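In the structure tokens that follow, the same protein chain appears in two forms, which are kept apart as structure 1 and structure 2.
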Structure 1
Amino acid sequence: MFDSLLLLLNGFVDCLSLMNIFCAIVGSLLGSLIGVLPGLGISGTVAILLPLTYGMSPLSALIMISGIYFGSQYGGAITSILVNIPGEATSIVTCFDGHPMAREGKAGKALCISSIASFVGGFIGTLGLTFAAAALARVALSFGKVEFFAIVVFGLLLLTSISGKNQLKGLISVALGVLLGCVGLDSLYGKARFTFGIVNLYSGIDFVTFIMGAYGITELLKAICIPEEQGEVLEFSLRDQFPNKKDYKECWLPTLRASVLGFAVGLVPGAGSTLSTFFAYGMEKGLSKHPEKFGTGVPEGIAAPEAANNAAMYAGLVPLLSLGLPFTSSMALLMNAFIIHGITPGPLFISEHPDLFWGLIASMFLGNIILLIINLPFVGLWARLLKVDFNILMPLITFITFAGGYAINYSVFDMGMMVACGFVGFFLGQCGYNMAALAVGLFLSPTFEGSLLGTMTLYHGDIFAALWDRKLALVIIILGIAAFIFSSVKSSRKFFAERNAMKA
């Protein structure tokens, strides 16, 4: 521990040069911008900017590229809170309480809570990465296809419990999302499924295209079809845009819990960051003394997912830095940045390049502070955007949505798909179906299918034998089923109690 602290101090000495600080600021700003403008995407931006780092020192290049990743987590909450449009899967849960709070005239407070929770989550995630990377990497590798399958099933079952008042509709939404995720070529045999002969659908329904439609276009349709439901944002003063003692008291413990949980879940390769937000939100809703208020604009409902997704982002670096194994496209691009500068991440990275490793770790602490400093002063400005005349704001949202939809793959077909998803989202939303559950079902569908096929292949089609053989997976499945049953019973009791009260 003492040796690690000394090496970390040396890392701070290396990263606090003017050039490295400049790179950290540029990376953080670019990352925040990516988060604010849905559709740009981290991977695409890094791929474009990677050639610009060729002339930099390895440490400066890595600091700037990693700053983009972590900054995007901060920026993603801004559109989720202000206009109910998440740019990434990890920002969906923030919409649940963030946007209702913004409609109450507390957008600045929601953004402040989001920024502070992101800072705490990032700080705790960096601590975990600093002192336990090698050991945690071995834990991450111990998870096989069966464990991935169990975790995804647990996540989907939990999603139905927190996705609304009607759990049956939540279950239908999740199932429909998983079904939509099956559109395209089969990952095992390469057979086209549900494509109806449309070649553009062979690659499936792009997740970002879907949420841009299901959230952005849906908001536009609501404004056109049911303008009476839009309402006005309540008046607010600048003082109201910052958390008070009561808010801090309500948020500090959920933030810490969600940060630890987010880091643990983030070790799961693939969808760990997204799952962590739902796990954190579900945990806080279950522990809360007023669970019925979740979804109406409670501070804990913002702090928990934001802390979780930032901590999970750092956990995703554990297998990359310790073992040289990238589990997502964005991590693969980060690994490419290492290789371009003559560095190979893996077991020997820390011993062969201690200056780079500890300089990078130190820059993560620095980047978190920079992001907090960047975001907090603009809280009032972002909040006042909601006071812009609705006739100006809605065309602006529409422009951002269509520009983001086109920027994903530069495809007109994607824009048409986005509009179609918007109509589907509008009609399902009016029927009481939760679009967040559907969106996350779509996002997790490839992971669910891949882990299920892998499990069935390993155990010759006997899923029960697989679960019995892998006890950890069995425990996870049992916990998921128990949580689903508990939530169903609780929901049924509430339904019958309300019906009896109406009869009386």
Structure 2
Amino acid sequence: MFDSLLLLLNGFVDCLSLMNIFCAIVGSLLGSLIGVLPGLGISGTVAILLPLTYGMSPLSALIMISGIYFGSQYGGAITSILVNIPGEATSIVTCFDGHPMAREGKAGKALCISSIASFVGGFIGTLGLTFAAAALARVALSFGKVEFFAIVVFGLLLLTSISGKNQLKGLISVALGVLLGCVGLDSLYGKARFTFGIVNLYSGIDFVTFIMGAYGITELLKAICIPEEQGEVLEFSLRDQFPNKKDYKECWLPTLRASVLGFAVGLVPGAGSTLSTFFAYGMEKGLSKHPEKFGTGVPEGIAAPEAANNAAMYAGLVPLLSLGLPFTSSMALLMNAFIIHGITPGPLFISEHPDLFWGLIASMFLGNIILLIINLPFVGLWARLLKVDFNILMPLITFITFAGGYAINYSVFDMGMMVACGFVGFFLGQCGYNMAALAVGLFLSPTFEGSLLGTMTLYHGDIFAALWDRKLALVIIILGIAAFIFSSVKSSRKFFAERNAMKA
């Protein structure tokens, strides 16, 4: 415990350089700015802005990427409150009470509550991450290929069970993702697979390129081709910005409860931040003395989901940093960003790079404070940005995305791949396929293949013997399958009920 504290203090010393603070501020500002724009999403935002970090030192780059990542989360709430359009899926619930409160002329107060709750959620999430990641990494040091195989299967099964509406389409997405991940030179034998003689495919489908296409281009395309009301941006004054004593009294306990709940939900692979907001909102409504007021503009209705989604985002970093296994597309992208900067998260990451790990944790505390400080005075600016004509903004972002896509490998082929991923991703997404499962399948494909083939070679092709020998892996797999079956039965019942209703 004392050692951890010392290391954390060291982390603060490392990250408190002028350059790193500058990176945290720029990252937070850029993240908030793009988070404000409805539709682009956290993955798209990080993917588009990732090239900005090329050429930086690993710690500065991590700090900037974290700033972008968490900043976009902050920005998402602003559109929920002022326009009733969630900037991110994680901010959908914030609309329920945020916008009614803004309509009552308390937009400033709603934004302030959202910022403070996000700060508390982020702070508790960082605390949880600090201890959980270090503890899990210690346990994970004893993990072999069988455990990693089990965790990947568990994560993918849970991802298809929880995050999508249709489990079968989730499984198809995972299978397609893993197959796409097989494109290129095979990491074990060095043989070319599915390259069709195209040299550019030898290095495989670049994950960031895929995200830029399937998330970035798809969302930009939707913004341009699907007519949508831009929404009326509510006016507010900075004078009404700060909550009063009564608001604080009503919000502090829900914020704390939602932060803890959000962190716990965020630890479940595939659950992600969005689900945590619904859980937190439901919990607060259930515990409230006046549940009927929820949805009419109560401060707890803003504080709970905002605290939960921020805490859950930090929880998503636990498997990423300690096991090297991301289970959401945005976490996979974050891991990709780490790898680009020469850092491979995993069980050995904390012990081999304590400076980076604790520097990153310290930067999260710092970033959280910076986000709180910059968000309040900049709220007016973000609100004005919402009035900018999206007809101008979206094409501009399209071409910044192209430049970013080129900058990854200096490859025009990647730009073409981005367009193709955008086209395919659009139709798959519209038809209900789970794009997150596809992205995570693509990203985890080499890990999955390595652990599967390693296990089979080690146990002479007998997977069951391997699982029986490594009981923890067996338990993990059983839990994953149980969750998947439970969720499938539930959704099949719903499917047949809906089909019968449609026929009737």
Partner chain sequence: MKQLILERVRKIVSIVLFLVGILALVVTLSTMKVGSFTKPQEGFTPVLFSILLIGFSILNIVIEFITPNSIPGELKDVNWKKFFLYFAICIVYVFLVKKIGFATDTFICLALMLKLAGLKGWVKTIVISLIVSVLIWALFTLAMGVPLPAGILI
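Please read these numbers as outputs of a predicted model, since none were measured by experiment. Numbering for residues begins at 1 and runs along the sequence of structure 1. Here the rigid core means the biggest group of C-alpha atoms that line up within 1.5 Å when the two forms are laid on top of each other.
The form predicted on its own appears here as structure 1. Shown in the overlay between the two structures, fitted on the rigid core, is a CA shift at residue 63 smaller than 2 Å. A movement of the C-alpha atom of residue 122 falling short of 2 angstroms is seen between the two structures when the two forms are aligned on their rigid core.
Residue 154 shows a C-alpha shift of 2 Å or greater between the two structures [criterion: core-superposed Cα displacement of 2 Å].
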